[in-house]
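So here's one chain in two forms, each on its own in structure tokens, numbered structure 1 and structure 2.
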Structure 1
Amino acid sequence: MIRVMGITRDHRVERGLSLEDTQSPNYVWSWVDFNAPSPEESEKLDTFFHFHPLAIEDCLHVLQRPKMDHYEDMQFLVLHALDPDTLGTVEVNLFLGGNCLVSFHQRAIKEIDEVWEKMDSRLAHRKKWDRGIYAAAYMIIDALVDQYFPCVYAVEDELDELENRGSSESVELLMNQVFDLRGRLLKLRRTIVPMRDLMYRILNSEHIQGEREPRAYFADIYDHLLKLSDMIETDREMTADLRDSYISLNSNRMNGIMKTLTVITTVFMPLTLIVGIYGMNFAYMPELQWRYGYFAVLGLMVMLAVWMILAFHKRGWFK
């Protein structure tokens, strides 16, 4: 679907226009949104707008890294939106040039739909500089970045809950949850860090039109991305600490089990020796003819076991 919006000189928004209307002098600037377009509609990037072939190729081949390219009088941006369910990325491409903003995305994106619907009220409260294509680009990027926060907060909430649980669950289950959180944080990091680098490039680019004020708005988005990056790094450090703690806890438990088995084995070693000696089939063993020999050997074995247990306890083996 291709939808077209035109902004008149008195800052009114008119929707439902055709592509040809974007060239009308009645509109100061226009926004064309390619929302999950068909192959025939995607060809309009070349046949109607005549964008650079490399930029069109980047649109049609997804999984591009967030970036900014300059082609003569046009800026091309690759952005990433987040799917809150899978934390997968959805690519959003922006063409900024002249008096037209073109957005291209292979899937419907809620944030862009919200900006599209709220453009009337937003333009009515903006200053003069903030009513052009760079203002719309800022609104789109800001909406995409705002969606990152709930995803990061959800991971932080699970991390806090996992940290408070302590050792109430099995170490194996806790370790699986820690590695799951680390995997999700890695997905977020792969999205947020490149977007942060892109915003840094935009702030330091000479191709951004306008005075200081629009840069201040883009700087605000950059600050948000810096905050998100710091949150992700902090959470990754926390998961690393939890992982090390669970590994140490598991090692301590294993050491306790091995110590218990060692004590039991050590106690039974001399008892096994005595039983082995008297289990030999020799004909001449004087103790076998003694009336109380059996009870004496059993008593010796009990006393030996008790003495060894007390000796181990005195040495602190059971602490």
Structure 2
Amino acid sequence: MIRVMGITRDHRVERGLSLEDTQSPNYVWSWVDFNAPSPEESEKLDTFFHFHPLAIEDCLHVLQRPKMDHYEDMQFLVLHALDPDTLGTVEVNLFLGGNCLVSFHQRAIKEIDEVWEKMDSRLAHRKKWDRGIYAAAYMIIDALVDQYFPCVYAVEDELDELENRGSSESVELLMNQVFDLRGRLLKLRRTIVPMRDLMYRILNSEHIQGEREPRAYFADIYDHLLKLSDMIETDREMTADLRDSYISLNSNRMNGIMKTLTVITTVFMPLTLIVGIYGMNFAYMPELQWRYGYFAVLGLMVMLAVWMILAFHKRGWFK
């Protein structure tokens, strides 16, 4: 679907225009949104807008890194939206040329729909921006970046919860959760860090027309992305610490289990040997005939067991 919006000289927003209207002098600037376009619609990028073939290729083919390319008469932006369910990446392409902003994305994206709907109310910005298409591009990027926050916060919340639950649960379950969180952080970083690098390049680029104003807005987005990537790095380190603490917890528990096994074995093996000795069938075994031989052996065994347990206790095995 292709939808077209034009902003008239008296600052009204008109929706539902045709592609040709973008070149009408009635509109100060216009926004064309290729929303999950059909292959025929995609061809308009070439046949109607005559964009550079490299830029069109980047739109249509394999997933690109977020980037800004400068062509003679337009700028081309590749942006990454986040699919909140899979944490996968959805590509959004922006063409900024003359007085027309063209956005192109293969799947419908909720955030862009919202910007499309809200365009009216935000037109107050028109007096602060030299060129409206930059204001609209800012609104789109801002909406995409704002959508990263809930995903990162969800990870942070689970992490906090994990830290508080401590050792009361099965270590294996906790471990699985830690590795799941680490995987999600990696996926988020894969989207957020290239976006941050892109914003940095945009801020330091000489190609942003207009002055002070847009820079402050893009700096704001950059600060958000910087904060997000800081959070992700810290969270990665926290999960690594959690993982290491679980591993060491496991190893401590193993020590405890082995101690139990060793104490049991050490106490019972000698006793079993003793009772084995007096179970032998030798014709001449004097102790067997003693009146209280049986009770003497039982007493000896109790003393031996007590002595061994005390010895283990002294070596600190029961701490």
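It should be emphasised that the depicted structure is a prediction, and the values quoted were computed from it without experimental measurement. All residue numbers here follow the sequence of structure 1, with the first residue given the number 1. Take the two forms, find the largest set of C-alpha atoms that superpose within 1.5 Å, and that set is the rigid core.
Chemist: Looking for the form predicted alone among these two structures; is it 1 or 2?
Modeler: The form predicted alone is shown as structure 1.
Chemist: Among P37, I257, E158, T191, which is positioned at a hinge, defined as the point where C-alphas switch from fitting one rigid part better to fitting the other better between structures 1 and 2?
Modeler: In this comparison, the hinge residue comes out as I257.
Chemist: Please report the angle, in degrees, through which the smaller rigid segment swings against the bigger one between structures 1 and 2.
Modeler: Angle reported for the domain motion between structures 1 and 2: 14 degrees.
Chemist: Can you give the CA shift of Y278 between structures 1 and 2, in Å, with the two forms fit on their core?
Modeler: That residue's C-alpha sits 6.9 Å away in the other form.
Chemist: How much does the C-alpha of R291 move between structures 1 and 2, in Å, given a rigid core overlay?
Modeler: Shift of R291 at C-alpha, rigid core superposed: 8.0 Å.
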